[in-house]
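To begin, one chain is listed below as structure tokens, in the form predicted on its own.
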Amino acid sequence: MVNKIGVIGAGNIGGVLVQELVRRRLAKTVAVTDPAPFVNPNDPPEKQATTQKQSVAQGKALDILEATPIIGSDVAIEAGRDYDVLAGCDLVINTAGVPRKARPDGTMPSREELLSINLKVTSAVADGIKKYCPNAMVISIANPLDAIVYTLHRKLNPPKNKLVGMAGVLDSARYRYFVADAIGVSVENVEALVLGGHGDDMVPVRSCCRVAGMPVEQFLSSAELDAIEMRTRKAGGEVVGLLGTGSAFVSPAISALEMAEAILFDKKRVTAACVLLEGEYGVDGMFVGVPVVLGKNGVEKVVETQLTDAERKALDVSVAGVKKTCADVDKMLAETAAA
């Protein structure tokens, strides 16, 4: 148990995170910050005054605290609209950003389309971390994942081991579930790995997929695996389409908690994560999903796995997409600085 863990954003993902952090007793204190609900300047003064007194973060915190006698947890929660509640955090999990929403015609905006909005949010997040907990380990979930982590890197310039994006754990879990469901075996029997950017060009690595230690091709045909891997790439959008509003929140939160526990308990766990590469996989200066060892020092090692020629080419395509998005980030940050 560490002294304090912070959660930025009290939406669906943030709510699950705070609940689980308290239930699992992973810190003495959990802090959660969220500026919502926002005051509408066009509302009557009395309504603005009422909204100003409200706080999604404080409301969810109180709701969870009122359950602590039942779950038997004495973990404290600090909540508010401002970043000052993060003061002294050892670890921060960032969920802040606008989620993908289905358009009226049912189509989905790409993760990249969220960048212009979420870049502004991330700049505020970085300022809050820098001011109140500059030495904290940071796990970021917000989308577009690779670009947001890159933005935090540009703004905070932390040691490379202390900033990591959560994507590979979730994408790999989805791959594992789809494989287990298709075969009819326990999800615990399936190991899988997804590399690259967290988007439609992600790379489910078939050569690393095992069922009780055996190659997945022993259980499923190539056509079945093609369909599963395509579904894995589109899995986030599938959830959004079914929900109608908002996006997946339980699975991302649980995935981030797995990473947090690997760090807090020094598990030396090998898992996929979005990290800064400095020559590994032929990539330099970008955040890309690859296997890493997570322990008490954060990202302790990047693991370079052998890929087939087809998987290598697919990863190159995915990295090219990440590179384009990072170039967009650089351009937007430069324009903001010049304004």
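Just count from 1 along the sequence shown to find any residue number. Bear in mind that the values here come from a model prediction, so they are computed numbers and not experimental data.
Omitted here: the form predicted together with adenosine-5-diphosphoribose (APR). The next part is about that form.
Engineer: Is every one of I13, T33 and I141 in contact with adenosine-5-diphosphoribose (APR) in the model of the complex, taking contact as a heavy atom within 4.5 Å?
Structural biologist: Affirmative, all three are within 4.5 Å.
Engineer: Consider V125 of the chain shown here, and say whether it contacts adenosine-5-diphosphoribose (APR) in the model of the complex, taking contact as heavy atoms within 4.5 Å.
Structural biologist: Output for V125 is yes: heavy atoms within 4.5 Å of adenosine-5-diphosphoribose (APR).
Engineer: Examine G197 and determine whether its closest non-hydrogen atom to adenosine-5-diphosphoribose (APR) in the model of the complex is within 4.5 angstroms.
Structural biologist: Because no heavy atom of G197 falls inside 4.5 Å of adenosine-5-diphosphoribose (APR) in the model of the complex, the answer is no.
Engineer: Hey, in the model of the complex, does T232 get a heavy atom within 4.5 angstroms of adenosine-5-diphosphoribose (APR)?
Structural biologist: Residue-level check for T232: no, no contact with adenosine-5-diphosphoribose (APR).
Engineer: Classify I77 as contacting or not contacting adenosine-5-diphosphoribose (APR) in the model of the complex by the rule of any non-hydrogen atom within 4.5 angstroms, answering yes or no.
Structural biologist: Flag for I77 set to no.
Engineer: From the list L91, V121, L220, V205, which entry has a heavy atom within 4.5 Å of adenosine-5-diphosphoribose (APR) in the model of the complex?
Structural biologist: Of L91, V121, L220, V205, the residue with a heavy atom within 4.5 Å of adenosine-5-diphosphoribose (APR) in the model of the complex is V121.
Engineer: Between A96, L115, A136, V190, only one gets a heavy atom within 4.5 angstroms of adenosine-5-diphosphoribose (APR) in the model of the complex; which residue is that?
Structural biologist: None of the other options qualify; the answer is A96.
Engineer: Please identify, from 33-41, 297-305, 66-74, 269-277, the stretch that has a heavy atom within 4.5 Å of adenosine-5-diphosphoribose (APR) in the model of the complex.
Structural biologist: Every other range fails; the passing one is 33-41.
Engineer: Is any part of 301-316 within 4.5 angstroms of adenosine-5-diphosphoribose (APR) in the model of the complex by a non-hydrogen atom, and which residues would that be?
Structural biologist: Sequence-ordered list is empty.
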